[in-house]
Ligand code: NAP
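Read the single chain below, which is given as structure tokens and is the form predicted on its own.
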């Protein structure tokens, strides 16, 4: 077995603490990755604190992983020792359902296996995530980080990036389309950047006047304070697509009213408590749609990484150490980061060496 040093949640309330556990040995189809960087996603907090579902503890979270390949199984052909690679939210799926065969492993009909909060087929043990020194993953769920891409900045693309890229692609954001992004956090700032790079006209909606300048700097053509009814009314009935990234319960009706005929609002933020139900008539009378979207499949995630490399679309990050993760989480909970924390795993390896 392979010893991994990590920081883990042991219950819903306590700070993360140091924990050593065993990864499986490298199988014939596996890739062993020495983790260099791991992004901090708000989902990590939700899961570790049992806000979405019951959690089995100890739990190591983290699903925005970039590292270096240090070992491969005998059947592995797509990766070799020394490659810089990524692991996102998925480490396995059934591989034979209609959705998996369509490269939509994220919607696997038998249930995808998450990088954490899943179950390893190989061992039957719970999967554990990227707040750790090493991970072993089937090669089919390992992504190629494009040459020249900053590995620290690549990490948040593996959840925040693909979560907004997938609906933008699916609903055909591009030239001639007006796209709204609700919220300017880890997901929202990537939504603005990606929609702009795709050629759409981009309008950012935020409740924070202090984010107006940032929104325009990141690529928004206009920034609307969503609490201002007059400013919202200026855009009534104009949007082809709105991607709502806010992970807190809020009224959806003001944004639905901004959609044009056949327009769609896609929810990608998942609040711990449900949104109030929207009014039906604004949906009926303009054939508007309210939809959801969850990350993306492996093929689409690789497409997203290549798109970001080609168009130089990278997240805004703040580096942190593993030892400071609990303080970083406090700031994430307060939306006090611009716009994604990334853990430098060298800090964890140094701790392991001292132990």
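Numbering follows the first chain given and starts at 1. Everything numeric in this text was worked out from a predicted model, so none of it was measured.
The same protein also exists as the form predicted together with the named molecule; that form is not shown, yet it is the one meant from here on.
Every residue of the trio 208, 268 and 293 has some heavy atom no more than 4.5 Å from the named molecule in the model of the complex. A heavy atom within 4.5 Å of the named molecule in the model of the complex is found for one listed residue only; from 93, 128, 245, 166, this is 245. Within 4.5 Å of any heavy atom of the named molecule in the model of the complex lies no heavy atom of residue 156. The shortest heavy atom separation between residue 137 and the named molecule in the model of the complex exceeds 4.5 Å. The named molecule is not shown here, but in the model of the complex it comes within 4.5 Å of a heavy atom of residue 183.
In the model of the complex, the named molecule stays beyond 4.5 Å of every heavy atom belonging to residue 288.
Stretch 200-208 is the answer when you ask which of 257-265, 146-154, 280-288, 200-208 has residues with heavy atoms within 4.5 Å of the named molecule in the model of the complex.
Contact annotation for 27-59: residues with any non-hydrogen atom within 4.5 angstroms of the named molecule in the model of the complex are 41, 42, 43, 46, 52, listed in sequence order.
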